[in-house]
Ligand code: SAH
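Just one chain is shown here, as structure tokens, and it is the form predicted on its own.
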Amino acid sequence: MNPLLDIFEGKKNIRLDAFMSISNAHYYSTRDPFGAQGDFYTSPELCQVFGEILGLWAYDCWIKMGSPTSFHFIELGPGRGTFLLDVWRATQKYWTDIDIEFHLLESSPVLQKIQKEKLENILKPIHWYKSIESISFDKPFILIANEFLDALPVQHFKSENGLQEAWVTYQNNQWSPCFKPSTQDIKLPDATKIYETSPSILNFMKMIYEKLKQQSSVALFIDYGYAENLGGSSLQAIQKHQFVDPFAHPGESDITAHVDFGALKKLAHDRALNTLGPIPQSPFLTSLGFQERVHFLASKLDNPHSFLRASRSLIDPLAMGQLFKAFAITNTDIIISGFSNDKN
């Protein structure tokens, strides 16, 4: 019997978004998924320059925000704390005599323990939260989230024979997807395609956007995704650095979907916020001086080949450079670096 049946409260029929939510909650709360011994790498774990460059990007935003003497640095899904350490190494000499509070959104007790061991004695004051509603946004803030939104649950719909929604059923000792009639009032542009939506992401971003409207602040999201929803499923799972069936190992593999940045952009514009991007990660990082920093560090190494190979994967169009997108939102008229000043 599948070990997660108890976690699913004995349900053998569950909607896709609930299946994904419960599976990922169990997955992240019970392990460190990063690195060679885990299931996948993130950009900060591959190359320190990612955090250093984005730290300097954040510093540039802070200057353009008017250099507030008191502000919040917020990270959503801080992983092992590697990114924030790299950010701080690149910027601490600039943020002297500045009142910075670090706010980290992390629901996993396993990862929060790792973060505290790495960060608590270096970054002060630093606070951890399990929900976005708990974070204080009472000061100007810079918010960064790398590979965070992709793990939030999605729903699938199709309308070839009336509107139907994806569910997941358990039988013969395995989980498998199916479609059931839906009563939701949704019109799909193409009846022959599956359409992916994520009310969870939209509702989450609504909260961020409301906070952005209240302070002179900037938020940056980097994730794999697309600018226009053309239909089709992007659901995927990874385990031990290999793609696997999303329904084969619930709670034991990382289940994700590509982010619909077009929907997030529209949501921001509906709230009179300015957006930049989404643009591929490669031109974003390159315009910020990523390659120059990589080459400088490589010149200090006796054997730079593994360092160069890892860093190249962040900007290689065949690796993370094209699929991953950068998307920024602000309520100000400042020019945000990395986006060719193309604010809309």
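Everything numeric in this text was worked out from a predicted model, so none of it was measured. Residue positions are given as counts along the sequence shown, with the first one as 1.
The same protein also exists as the form predicted together with the named molecule; that form is not shown, yet it is the one meant from here on.
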I'd like to know if Gln236 sits close to the named molecule in the predicted complex, meaning any non-hydrogen atom pair within 4.5 angstroms. no
Would you check, heavy atoms only and a 4.5 Å threshold, whether Leu273 touches the named molecule in the predicted complex? no
Please determine whether Pro140 contacts the named molecule in the predicted complex, using a 4.5 Å cut-off between heavy atoms. no
Partner proximity in the predicted complex: Leu111 to the named molecule, non-hydrogen atom cutoff 4.5 Å: yes
When the named molecule is placed as it is in the predicted complex, are Glu196, Ala257 and Gly262 each within 4.5 Å of it, taking any non-hydrogen atom of the residue? no
Of Leu152, Leu85, Leu212, Met205, the one that lies within 4.5 Å of the named molecule in the predicted complex (heavy atoms): Leu152
One residue of Gly251, Pro246, Gly79, Gly225 in contact with the named molecule, assessed in the predicted complex (non-hydrogen atom, 4.5 angstroms): Gly79
Which of 180-188, 265-273, 160-168, 99-107 lies within 4.5 Å of the named molecule in the predicted complex, heavy atoms considered? The stretch 99-107
Interface residues of 13-32 toward the named molecule, as seen in the predicted complex [heavy atoms, 4.5 Å]: Tyr28
